[in-house]
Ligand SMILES: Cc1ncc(COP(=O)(O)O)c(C=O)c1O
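Shown next as structure tokens: one chain only, the form predicted on its own.
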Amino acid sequence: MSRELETFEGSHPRSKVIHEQAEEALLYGVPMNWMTRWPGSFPVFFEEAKGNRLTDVDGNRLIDFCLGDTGAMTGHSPEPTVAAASRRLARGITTMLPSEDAVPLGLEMKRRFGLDQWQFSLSASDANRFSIRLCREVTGRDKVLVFNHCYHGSVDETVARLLDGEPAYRIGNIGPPVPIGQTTRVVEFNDFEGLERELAHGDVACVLMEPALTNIGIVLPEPGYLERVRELTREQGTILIIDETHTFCCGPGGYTAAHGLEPDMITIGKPIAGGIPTGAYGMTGEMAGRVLEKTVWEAADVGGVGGTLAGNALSMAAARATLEEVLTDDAFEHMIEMGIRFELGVQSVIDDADLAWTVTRLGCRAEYMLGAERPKSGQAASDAFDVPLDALLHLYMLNRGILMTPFHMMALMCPDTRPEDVDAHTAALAEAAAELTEA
């Protein structure tokens, strides 16, 4: 680690200077605090990103497998999105009036995900927030149910974990507004008995879930689990929301379309507008009817759902171009093919070096984790983390021109990812494995 830190500092002198200057005006020396969670002794400042390549201010060129932690799953600055956004920028960005691009965009969301009615926000966090409020309104129930070590953005009710069988604040939860047990029930992923027990209280408005956990490593559902979740939520009159923000990696209609799920609502954000801030939430016709019945039209602007810039013309134009011309069926086929290549490459290193690690793939997303057994719950995935080794692996890759998602060893493929990019990662991982296993 000492050697890798020395290499890092020697190859990033300008980033160091910029960070020192930034500390005079920016809290933490960055515009958002999680930008400090990268390997190295200071953040790397970037100059340009295009496709799956990123160049930092020191001129270092990186193969990008982070892709903005899914925000740039399209690849950076895809030409159709840039062209559509540029045209829209010159013709008006936001007016509080709907733009025509919203109509084909809504129809495309309906085609892909199978839900009838859609609304747009500025982030997946907002989409989740608004959906939860709507579920509470139409059910008259107070609580939300989420899964241990889940991630649904900055939504108060979801910054939670399971501790000794009870809801608890997630470590680092900043200024929670009320005790988490007042708003949230928490169960382990793949624990059907726990879900059944918690829903039996009859106070859960909605279950908000990723169909596979993705922010604590990838935790896949056990066979039949998602079907039983759907059955039980229907029995209990609980609304099922699928958060596809990360699991969109499974195909053009996300995990929902790829595996035939039947949620009442879907939320998504990040990649659908090629990096321009956008989120969306959709619902079945039945759910839409319940929402319309409860809508107070004269107070629609102050009811806690919406935002002045939500659904703005720039976001709509960018999302329409991204879905119609960038994240196409053919693009996903290529991306998933690269994901398979990545998975096989990592598995070959694990086998050759006899490492007690696993690799898991979800569409065009793949992740390798410490531990000989693939985790089946959020807690098992959390327990498998080795923070110092994780930091070393990220820094090791960065020093060899490969950018991984900073919070865990996750890689995402985009339409610009090529076999030689994947193979470069495999070679770097093999080099690291050889050093780590030296007798």
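Residue positions are given as counts along the sequence shown, with the first one as 1. The structure displayed is predicted, hence computed values, not measured ones.
Heads up, the form predicted together with the ligand isn't pictured, but that's what we're talking about next.
- For the three residues 248, 336 and 361, a heavy atom within 4.5 Å of the ligand turns up in the predicted complex in no case.
- Residues within 4.5 angstroms of the ligand in the predicted complex, judged by any non-hydrogen atom, belong to 116-124 and to none of the other stretches in 179-187, 116-124, 99-107, 339-347.
- Only one of the listed residues (191, 137, 264, 210) places a non-hydrogen atom within 4.5 angstroms of the ligand in the predicted complex, and that residue is 210.
- When you look in the predicted complex, the only residue of 238, 322, 128, 315 with a non-hydrogen atom within 4.5 Å of the ligand is 128.
- Residue contact check for residue 215: one or more of its heavy atoms lie within 4.5 Å of the ligand in the predicted complex.
- Although the partner is absent from this view, residue 390 stays clear of the ligand in the predicted complex, with no non-hydrogen atom inside 4.5 angstroms.
- Using a 4.5 angstroms limit between non-hydrogen atoms, residue 58 is distant from the ligand in the predicted complex.
- Using a 4.5 Å cutoff between non-hydrogen atoms, residue 221 does not count as a contact of the ligand in the predicted complex.
- Interface residues of 258-297, taken as those with a heavy atom within 4.5 Å of the ligand in the predicted complex (partner not displayed), are limited to 270.
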